[in-house]
Structures are given as C-alpha cells and as structure tokens.
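In the form predicted alone, a lone chain appears below as structure tokens.
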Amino acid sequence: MQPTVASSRLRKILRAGAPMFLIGLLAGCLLPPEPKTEVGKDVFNLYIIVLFLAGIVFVAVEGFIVYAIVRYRRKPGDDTLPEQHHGNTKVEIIWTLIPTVIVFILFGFSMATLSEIEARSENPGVVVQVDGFQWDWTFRYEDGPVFNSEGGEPPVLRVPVGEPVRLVLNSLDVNHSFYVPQFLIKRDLIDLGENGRDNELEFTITEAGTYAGQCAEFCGTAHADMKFVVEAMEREAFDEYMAALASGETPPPTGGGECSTTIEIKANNTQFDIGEFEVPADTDFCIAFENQEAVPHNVAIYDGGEATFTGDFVNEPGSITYNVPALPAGEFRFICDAHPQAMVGDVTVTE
C-alpha cells in the first residue's frame, strides 16, 4: 500500500521538528541556577536577555531557511532556471543593521552588568584573604581566625547575609579560580609576585544557607578535589560564631537560630537509624546527630541535586546538634555526604 501524501508530509514535519524540540529541551536544561547574590541577579538577567535575543535570531534565520526550502523547492517537471537576482541594496542594509543593533544592545547591558560586578562598597561587612594552592584553600579573616581543611573536609568560608563580603584573592602557585555556581560569578587567583595586585571579588548574599564552591581553573591532577563551602548566616549568628572562636569556646551549632522541633538521628554500621522524618515548613529545626562509630559522618539536606544545608562532620563517636534554617513545604532528602548511596532518607516539610 502506497503511503498517502498527508502521511508522507507528516513524517517530514516530524523529522524536521524532532531536532528543534530536542534543542528546546537542552536550552531549558542549560538555564543558570537561581542566583543567591545581588550581582548574581544582574548576571542572570543578562543571560536571559542574551538567550532571548539569540532565540529571536535563531527563529528568524531558521524560519527564512525553511520558508525558502519549501517555497522555492524544485517541483517535478520544473526544468527551467528561475530568474536570477544579483544583490538587493535594501535587504543588505536591513540584514546589516539588525545584527549591529543587537550587538550594541548586548554591549550596553553587558557593560551595565560588569559595572555592578566591579562595584566596591566603602565599608564591607567582612574582608577575607583567600589563598588558593594545589589543591586546597585557606580563608584568613581580617583581624580574625584562619580556616583550613580539617579531617579531609573542605574548608568553610562563613559570612553574613545582606552585607557586602570582600574577598582578596591570591594564588600561592599556579592559577586557580574562586567559583560558587549559585553566586553566578567567579574570579581568578593569580600569583602576580610581590609587586602585583591581588584580584578582588565582592558580593552580597541574599539568602542564608550553605553553598558548595570549587576551583574553576584546571590546576593539576587533583583539581577536582579543590572544593570549599560557603556558609551564609544572619549577622547575629555570625558574630556569635566569631566571638566564640576568639574566646576559645566551642562555636554555636551550624545554622544558628531557635528550634521548635528536634529530630534525633544516629549513625552506625554506615546506616542511619531512621529512613524519614517530618518537619513544619518555614520554621527552623534542630537535628541532634550522634555518630556511634569511628567513621566520619554528617547530615546534609538536599533539594534534588542541590544542598540546602550541610552539617559539619563528626569524625569519631560523638554528638552534635545542627540548627537547620527553615525549609519551604515539599519533599527533600537527608544524606551523609561521605556515604550518599548507603546513608539516605526522606524529609517531608509540611504546610
């Protein structure tokens, strides 16, 4: 049975439409994460503008190509050469002006965004010297403590939210790059010698939480292990933490804040003793965690593949209480970052 003209045309449309549909799906997956800094919002908006203009250009160009293919395709029995045109001044001016205007628009938005990124406040809330080296980080606070990796865990940069944080970036060997995906900004660390000027990066975090960071410049065989954590907390909790360190006391639990709900979790034989728990939405809560074996464990809470809270590791038998910032209603997971496959459970946050 011969296929009908309609079915043949449908197959052609599907063959042409499938790649376009796939490109659309991939474009959706490549959107940046939700920005957690003020300058990150400017970068995100610039990305959307570029994506929107690129989409217009793509649809227009591909649309004209498809139109030309369909409208001027050779038909059976058509053996004559069509009328030939050699240039059209009006059309050439139009297709020169359109990309020129687009380039100037993108240039203007890019310069405005760059000026926001490069802006410096007169009195930043915190100034931290960041030293990068193969393959780790050191965070030195101005007139304050120094944070390094401990027990094989990434170093933690603790900063207040809602205030400018200025990082002075320096490499002790090869080139590195300070990068936190949710901040939507990064800056290189370069060893410029004694007479050089260190790079600086300033940002204001808009939301308390724990954010994973990494080196974004290939720097050697252990580049993938060069990670760090940024823990953003309210100013009061930050001051309490720093004051406790300065006095030699044990800092308050990670996260800070009052708890109306406490969840008890124990770890033994590389397993949690519970597989799920439930907490109310928009309310801070505590996790009383007890490690019962001489193996490093912690408790972290994830929303999909993104960490919303990361608790400090307990490397030997002992206990710690985590103060977890409020979560929105929904389904989450709690895991041990050292054993994410074996130690995992469900968190239900109710309205």
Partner chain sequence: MATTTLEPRAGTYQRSWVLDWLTTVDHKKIGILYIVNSFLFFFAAGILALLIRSELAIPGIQFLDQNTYNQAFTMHGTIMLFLFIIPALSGFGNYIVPLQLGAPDMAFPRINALSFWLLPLGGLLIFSGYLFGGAAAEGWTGYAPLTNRSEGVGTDLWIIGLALVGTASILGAVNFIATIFKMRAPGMTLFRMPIFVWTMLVTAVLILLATPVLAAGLIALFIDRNYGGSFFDPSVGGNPVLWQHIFWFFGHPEVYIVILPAMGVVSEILPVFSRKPLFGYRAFVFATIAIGLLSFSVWAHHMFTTGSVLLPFFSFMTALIAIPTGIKMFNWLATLWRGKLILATPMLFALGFLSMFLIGGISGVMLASPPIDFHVQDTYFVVAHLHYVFFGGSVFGVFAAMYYWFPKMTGRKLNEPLGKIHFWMHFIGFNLAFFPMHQLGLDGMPRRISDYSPDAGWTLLNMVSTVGAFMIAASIIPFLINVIATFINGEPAGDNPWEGNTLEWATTSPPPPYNFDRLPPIHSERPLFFLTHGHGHAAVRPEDLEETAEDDVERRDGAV
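Note that the rigid core is defined as the largest set of C-alphas that superpose within 1.5 Å between two forms. Positions refer to the first chain, counted from 1. Keep in mind that this is a model prediction, so the values were computed, not measured.
The form predicted in complex with the partner chain is left out here; the points below concern that form.
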Heavy atom within 4.5 Å of the partner chain in the predicted complex - the one residue of 175, 148, 269, 261 that qualifies | 175
Proximity to the partner chain in the predicted complex, single hit among 202, 136, 163, 217 (heavy atom within 4.5 Å) | 217
Does residue 295 reach the partner chain in the predicted complex if we count a contact as any heavy atom within 4.5 Å?
-> no
Contact label in the predicted complex: residue 33 to the partner chain, heavy atom within 4.5 Å | yes
Indicate whether the partner chain has at least one heavy atom within 4.5 Å of a heavy atom of residue 43 in the predicted complex.
-> yes
Indicate whether the partner chain has at least one heavy atom within 4.5 Å of a heavy atom of residue 223 in the predicted complex.
-> yes
Of these, 202 to 210, 84 to 92, 275 to 283, 124 to 132, which stretch puts a heavy atom within 4.5 angstroms of the partner chain in the predicted complex?
-> 84 to 92
Output the sequence-ordered list of residues from 58 to 76 with at least one heavy atom within 4.5 Å of the partner chain in the predicted complex.
-> 58, 61, 62, 64, 65, 68, 69, 72, 73, 74
CA of residue 70, rigid core aligned, shift of 2 Å or more between the shown form and the other one = yes
Superposing on the rigid core, is the CA of residue 80 displaced by 2 Å or more between the shown form and the other one?
-> yes
